Structure formats: C-alpha cells, structure tokens
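Below you will find one chain, with nothing else, as structure tokens; this is the form predicted alone, and questions on how it binds or moves follow later.
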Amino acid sequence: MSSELCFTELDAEAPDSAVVRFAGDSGDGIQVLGSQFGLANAMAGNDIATFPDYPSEVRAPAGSTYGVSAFQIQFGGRNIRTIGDAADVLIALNPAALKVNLDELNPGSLIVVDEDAFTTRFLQKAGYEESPLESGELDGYRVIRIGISKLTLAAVSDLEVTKKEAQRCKNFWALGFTFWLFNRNRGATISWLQKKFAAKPHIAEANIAALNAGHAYGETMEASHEINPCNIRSAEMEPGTYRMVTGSQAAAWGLAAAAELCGRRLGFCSYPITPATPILHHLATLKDLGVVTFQAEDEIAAMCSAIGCSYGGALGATATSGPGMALKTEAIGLAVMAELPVVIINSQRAGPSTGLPTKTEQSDLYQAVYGRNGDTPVPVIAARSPSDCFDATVEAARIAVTYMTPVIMLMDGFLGNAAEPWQIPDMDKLKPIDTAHNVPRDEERPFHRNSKTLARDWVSPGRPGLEHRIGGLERDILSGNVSYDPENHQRMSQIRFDKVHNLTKDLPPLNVEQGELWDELAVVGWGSTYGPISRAVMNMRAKGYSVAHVHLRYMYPFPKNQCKVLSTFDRLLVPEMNMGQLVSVMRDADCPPAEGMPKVTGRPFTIAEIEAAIAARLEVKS
C-alpha cells in the first residue's frame, strides 16, 4: 500500500491493503493489541496475515532495545500472502520501539508515538542522545505525538483500579485510536475483554474505557484536520466458516484430526521449547476429543514416550525445535528400527545451539534428511503457510501410518506464530487414513508386510499368538528376534530404504504454482518462503519476466517427476532461510543444478528481495 493514499482525503480511493506495526516494551501488551486488531479486520471481511515479533531476551530491562516486542499485520481486500515488506503505520509506545522499528517503515509512513514515554531516562535507555521527535530524524514521516500514558490515566481515573493497573491499559487506548484510523468496530474487542476479565470486571471496565477514549480522541483531536480515517475494502473469499489460526494451532488440530481419521487415540508427548511449545498448549485443551498429552522431563523422554504410544496402538506424536531434534535423534532411529508410526513436528528456529530462539529460519533440512546415525531414512514434508500446517500434519500422519515409519513435518517459527484466516474443514469430507493394511493376517507372522508399501503390521501388545520382540537392535526379518546375521542386516536395511522410497509411488506429482514449463527461470521454494515468492513471481510476470514458481512439499523423498519438471527451466533460483541446504539436497537427488539465495537474518524474505533477484537474472520480454 502506498502510504500517501491513506489518511489524507475523506473521499480518497480505498487502497487494496495496509500494513500496520505495533511496538513497545515486552510488558506493554503488544501481542494482545495486535491480535485484537487482526480480529477486528477479519470481522470486517479482510484477508489478513499477522506475525508477532518477540524479543529473545527474558525480562530485558524495561525501555531497552533488547526488550522491544512488535506485531505486524497486513490486511486488505485482495489475497494476502505475506505480512508486508514494510509498514505503512507504526504505533510506538516508547523510544526503544521507535528506534528498533524505524527501518521497518515505508517512506512517508504514519508514526503514532506516546510522547509521554520520551523522557530523558527512556531516551538514554534506547540509545538516543536527543529526542528523535525534535532532532529532525523523522522528517520523512508523518508523526502524530499523543500523550497516550496521561490520557489513559485520565480515561480510567473514575474507576476502581490502581495506578499500575491503569498504566497497563495504554495498549487498549492505542488500539482504540488505531480502530479509528481504519474505521474498525470495537464490538468484538469489548466482548473479548468482558469474557477475558469476567472474574475481574474492574479490569475489563478500565480497558474498555481506555479503548473508547482512544477512539474518541481520534474523532475529536486537534490533529483530525491533518488526517482522516482510511478505508480498506473487504476481500472476496470463498463462502464458509473461517477463524484466525496460527501455524501452531493448525498443527495441533491437524494431529487431533489425523488421529480421528485413522480411528486411533492421539498420544502427544513433548518437552517445552521455543517456538514449538504452543502445540503442546493447544493439544492439552482437547481432552474431550480423547487427546492425551504428556509433558516429559526432557526431549529424549518425549520422543521415547511418543514411540511408546504408537507401540501401544495410539498415534504417537511429538513437537520440538532444532536443539530438541538433536536430542531426539537416537530415539528417532529406534522408531525406524521398530517400524512404528510417529509424527515429529520441527518448528525451526534460527542458529545452531540455542541460537536465536524467537527468530525464524529453515536450517534444519539437513538434520531432517540426514541427521541420524546409520542408514536411517525418514520421510520429510514441509508446510507452506500457517493454515497449511493443518494439511501438512494430516499428510505426515497418513504417511506414518501407511508406511509404518516416523515422519518429520517441518514448519518454522514464522509459521508457528503467524496467523491467517482458515476455512474450517468438514471432517466428514476428509479422506480417512486406512489402517486396514496394518491388521495381521497370519497368526504365525507378526511381521507380515504389505506387498505394496512394505509396511509391517501394526501389532499392539496383548494380541494372542502375535507375541514378538521389538527394539533398537537389528532383528530377524521374519521372527523379530535379535539377529547379527550379515545377510539379514543387508535385507532389513534394504527394506527400510525401499519402504520409504516406495512413498514416491504414492506422492502427487510436482506441479508449477505459477508460470509455465520452459520459462527461463524457476524460483524454487519450500516452507514459509511460499508467500513472498508467490507474490514476487506474480508481480514480475505481470511486468513481462519469464519466471515461474515451483514450491516443494515433499522434501524427502522427492516426487518421481520433480527432477524432470525442474529440468525444463533454463535456470533455478532457490531462496531459503539457511546457507543453501535445499540446493545440496536437490543435487544429491540428481536434480538440475540450482543457484542458492541464502538468508539467515532471523527474518522472512521480503517480496522486494526476491523481485530484485529475479530482475538481476532476467531481461523483460515484450
């Protein structure tokens, strides 16, 4: 959205989208503010994409740049695929929030600041020698200076709240003003506050008073002659029932749905780790669906417990991030040797070791494909958007049960925390996951195999006549007894390899998302790069560039036609948030050579970055 289109004329043409960024201290309730603004826009009929930007530091000093929390949302009347490259509006509740987020703005953007927070003490904490409100640093922007803190205290002065409780209401004052900026209804937020603080009605009343005061200030303030509310038109969306969903929520519901589709209970075993922990939180609320959750004492116990669930006949699952995957590695090998279906969700974060826990990256692809001892093939798939985490998780469970193997589903911190509208599926229309092929047919052979998939039968303990041994030691191909026979190990290793690669017979063929086979350049992506690549390719094709978009879901093994499809393009460009891992994995699979476009800043790709890369490699065709 061009910032000049909004807030200038009452009759200005409604832009097709807007990007708003909220920022403040970690204790300012920025994430609540952003989520409620997202809800209001969804209720107004906009398509939206949101992303909470958390600080990595725990309890950073108030007012410091290390403790700045932000929330960005793009909403509009068209299909929204990203959170936006840069913001058109910044709501900054202190100097540090302004400093950290100034580079995230479009030229000429609107900046709303709480000038009460621009004291000498907080300016120094943010690293300012003089106030940016006076230094001319903000001359390229439209700045609205409001004493939000004082106005909030005045709005709740007649209510029975402490000064500390009153100060905490300033985020809702800022939200009320933002609602006025975009002509948004406050009803849903007021209802949410009344429900949220039903046990503390005085807190609900104070926040509602602040919300209404911020909105009223927009209507009556002296600056109203400078700006006018901006109208963003509604989006045309397929009829259905929608709700806002994060990737973590969608993955949790995908696991619950998958268990129902295969007629098994879900046993989810996990150890808390950023950014995967919300999956455990969401599943813990689904006891009424028969979901069993277990918080283990460590990552190894979590993986082994998930294996135990599958051994007992339930659908075992776990979720973690890169450091946790490293600890789970030996137990993942146990699941491969035992041939038990386990869904393993890796919500990737930035960096090796503990790295940047709250920042996003795609750097665990090597770990997922290669990161185990021995020849230990495991199918790997990747989700492309927050709502797609539901479908990707169901697909991971389908593969796990069909082929009796652990499956890794890759998402990342961006997908886990970002949100978008999700059309709630009809469970009756989802394809059941067939477990009939896993039922033993021969009382003498508990390790009977399906001739097509090579999957062994799913034999739960206590089945008369089907007693057997199982574990991490190599076993005899028929009896399951421990075997050190060289030829038997060769045969079992080949079966494990063939079983996973038989999956290629069951995978849908790779298709081109945009463009045509034989275009000069294909931008090949996986995971959360889908949004920026999709929009960039769309924009560049409209300008006459011969460029296509190919996006991968199945990371290992690849679909049978993948290398053939990729060979039709003159050049391949792979933007990914790592140092070029997919490029290497594609090379190992004998796909055509590809050029990497690595990014490891902890932030998603922007549309502009990919557009520039396309333009640098192609000339416009008439």
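When you see a residue number, it is the position in the sequence shown, counting from 1. On a predicted model such as this, the values are computed, not experimentally measured, just so you know.
The following text describes the form predicted in complex with another copy of the chain, which does not appear among the structures shown.
Student: Another copy of the chain in the predicted bound form: within 4.5 Å of a heavy atom of each of I80, G84 and V100?
Tutor: Not a single residue of the candidate spot has a heavy atom within 4.5 Å of another copy of the chain in the predicted bound form.
Student: Looking at 398-406, 506-514, 374-382, 173-181, which stretch has residues with any non-hydrogen atom within 4.5 Å of another copy of the chain in the predicted bound form?
Tutor: Of the options given, it is 374-382.
Student: Sort through R186, R541, R142, R496 and report the residue having a heavy atom within 4.5 Å of another copy of the chain in the predicted bound form.
Tutor: Only one listed residue qualifies here, and that residue is R496.
Student: Which residue, Q490, T119, S135, Q167, has a heavy atom that falls within 4.5 Å of another copy of the chain in the predicted bound form?
Tutor: Contact with another copy of the chain in the predicted bound form is made by Q490 alone.
Student: Examine K359 and determine whether its closest non-hydrogen atom to another copy of the chain in the predicted bound form is within 4.5 angstroms.
Tutor: Yes, K359 is a contact residue.
Student: Should G355 be counted as a contact of another copy of the chain in the predicted bound form, where contact means heavy atoms within 4.5 Å?
Tutor: Judged by the heavy-atom cut-off of 4.5 Å, G355 is in contact with another copy of the chain in the predicted bound form.
Student: Residue-level question: is W518 within 4.5 Å of another copy of the chain in the predicted bound form, judged on heavy atoms?
Tutor: The answer is no: W518 has no heavy atom within 4.5 Å of another copy of the chain.
Student: Hey, in the predicted bound form, does G527 get a heavy atom within 4.5 angstroms of another copy of the chain?
Tutor: No, G527 sits far enough from another copy of the chain in the predicted bound form that none of its heavy atoms falls within 4.5 Å.
Student: Go through 269-299 residue by residue and record those having a heavy atom within 4.5 Å of another copy of the chain in the predicted bound form; state none if no residue qualifies.
Tutor: The stretch does not touch the partner at all.
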